[in-house]
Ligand code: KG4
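One chain comes next, on its own, written as structure tokens: the form predicted alone.
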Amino acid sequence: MVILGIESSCDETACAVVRDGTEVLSSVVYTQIKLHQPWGGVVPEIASRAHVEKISGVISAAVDEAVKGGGIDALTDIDAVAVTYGPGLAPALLVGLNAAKGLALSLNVPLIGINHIEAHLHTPFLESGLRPEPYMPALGLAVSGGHTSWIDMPEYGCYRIIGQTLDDAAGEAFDKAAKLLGLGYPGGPIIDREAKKYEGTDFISFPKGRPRPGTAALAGLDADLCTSFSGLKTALLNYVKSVRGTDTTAPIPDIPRICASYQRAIVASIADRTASALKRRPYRALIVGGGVSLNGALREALARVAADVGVELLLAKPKYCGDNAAMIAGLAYYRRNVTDDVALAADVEPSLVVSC
């Protein structure tokens, strides 16, 4: 089954063509990083405008790539259209959803609505030759700019959030730190690069993200499986103030050490919660998806955690860690029982959560 997927939940306009859930015939992503760099973060109005301008060209490019690669002969070979309908930025989601509805109607094929976070957990199966079913039950870790969640997966397609960040996501914590340090946007790759320059062992003692007592319970979650990065950001701000003194325009000294210490705190927080979650039941795999999963230090830490517990670690190829449409089309293969009428009548759900 050949499915065309569309993704526009945030600042990437993407389209891909995927066969049978894992074989990627094409994947095209237009990134808006340069548009948002002056602001140090994603501006919803700018993002939605860019999606409108680029989505037709991105869809055409993905179809052309699939045809040139011999995956399909023409657009009419598409069996279904899949699209992200949440979570994400409402104006951005609307662009992709409306484009997908129009394409599905014009081709007279089913439309399949896809949860963005669930799709990130499908990325390790793209171009891997693996099928998800043998790895169930699994612990899913979605770690990105907007989400940091630990998800129980008793079977493929059934999800229950058992832990999450109670404030900022890991990717957001990286972005805000990079902005504070004057390093630019997006923060994750920049801080990772600077951290690798530090060869010392004298790390700054930043907090490891323990939530305040009682806050996890209010969300109906276990504190041992939750994290909080707001205190870490405050600690970084206070540290920068202490080394700068009264001159707020002075250069910040020892940036690599600061980045290494800050990143170390985030990675330790995620790894610690993951280790706790893996001990809750006999999982077969740890499935990790999302843009922050590209971080080298985090990958190494999760590999150690998985090895200690004796479960297989499944990570996406680097090109599928960030937002992309291959994950949307790939997951849709397992969601094709969703009726056309339901999807065509669907609206965007910016706060959508994963569930069974």
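A residue's number is simply how far along the shown sequence it sits, counting from 1. Bear in mind the structure is a predicted one, so any value in this text is a computation, not a measurement.
Quick note: we don't show the form predicted in complex with the named molecule, though the next part is all about it.
His116 belongs to the set of residues with a heavy atom inside 4.5 Å of the named molecule in the model of the complex.
Residue contact check for Leu331: none of its heavy atoms lie within 4.5 Å of the named molecule in the model of the complex.
Remark: Cys321 counts among the residues lining the named molecule in the model of the complex, judged by a heavy atom distance of 4.5 Å or less. Although the partner is absent from this view, Leu315 stays clear of the named molecule in the model of the complex, with no non-hydrogen atom inside 4.5 angstroms. The stretch from 180 to 188, 68 to 76, 231 to 239, 250 to 258 that comes within 4.5 Å of the named molecule in the model of the complex, counting heavy atoms only, is 180 to 188. A single residue from the set Leu302, Ala62, Leu294, Ala50 has any heavy atom within 4.5 angstroms of the named molecule in the model of the complex; that residue is Leu294. Among Glu127, Asp167, Asp192, Asp222, the residue placing a heavy atom within 4.5 Å of the named molecule in the model of the complex is Asp192. For the three marked residues, His120, Asp175 and Gly290, a heavy atom of each sits within 4.5 Å of the named molecule in the model of the complex.
Although the named molecule is not shown here, in the model of the complex the stretch 142 to 172 places heavy atoms of Ser144, Gly145, Gly146, Gly171, Glu172 within 4.5 Å of it, in sequence order.
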